[in-house]
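Only one chain is given next, in structure tokens, and it is the form predicted on its own.
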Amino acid sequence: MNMDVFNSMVNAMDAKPEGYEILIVEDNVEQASLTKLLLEEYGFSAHFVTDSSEAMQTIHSDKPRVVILDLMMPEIDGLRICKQIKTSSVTSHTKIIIYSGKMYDSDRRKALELGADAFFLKPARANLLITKIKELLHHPIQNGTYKN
């Protein structure tokens, strides 16, 4: 194989997808990768970032329709990110799913007060997470099931 062709293939695999629907904000690379793979299995286009500062830049520039957001992020925690998303005129329409290992009811209440559209504890049942995403993206229902 020609080295230029090989390099362009590698660069294409590493490139951020254009027009993805879902951004995963998760500092654990393995968790983010698994969530991305799950979403792709169900036909969604997804991308992830592992840094809260990068998350805000990516949300403003790429305008994903849904953000799956971990609460326990270094630098800027998920609640502050949620508030920033929902109070910005550019991103206030963005749907937010909090996906966290924190089991405190106060975190759940605060996230929903700040505008989160859903709150799931890790590990969430895949079918519930996928159903909520489809609902938030307004995918049509056919024969009692969501159609992707």
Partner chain sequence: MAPIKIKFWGVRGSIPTPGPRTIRYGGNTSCVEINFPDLPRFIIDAGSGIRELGKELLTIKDPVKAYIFLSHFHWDHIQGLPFFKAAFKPGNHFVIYGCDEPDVDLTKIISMQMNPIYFPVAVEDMGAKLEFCTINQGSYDVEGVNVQTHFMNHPGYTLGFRFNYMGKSIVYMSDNEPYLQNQQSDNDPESLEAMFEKFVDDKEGRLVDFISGADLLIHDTQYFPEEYEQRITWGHSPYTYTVDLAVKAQVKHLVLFHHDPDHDDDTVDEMARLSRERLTSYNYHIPCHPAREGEVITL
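Fair warning: this is a prediction, and the values are worked out from it, not measured in the lab. Numbering follows the first chain given and starts at 1.
In what follows, reference is made to the form predicted in complex with its partner chain, a form of this protein that is not presented.
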Using 4.5 Å between non-hydrogen atoms, is Phe44 touching its partner chain in the model of the complex?
no
Is Leu129 part of the interface with its partner chain in the model of the complex - any heavy atom within 4.5 Å?
yes
Contact flag, Tyr99 vs its partner chain in the model of the complex, heavy atom cut 4.5 Å:
yes
Decide whether Leu136 counts as a contact residue for its partner chain in the model of the complex under a heavy atom distance cut-off of 4.5 Å.
no
At 4.5 Å, heavy atom to heavy atom, what parts of 40-78 sit next to its partner chain in the model of the complex? List them in sequence order, or say none.
Glu41, Tyr42, Leu71, Met72, Met73, Pro74, Glu75, Asp77, Gly78
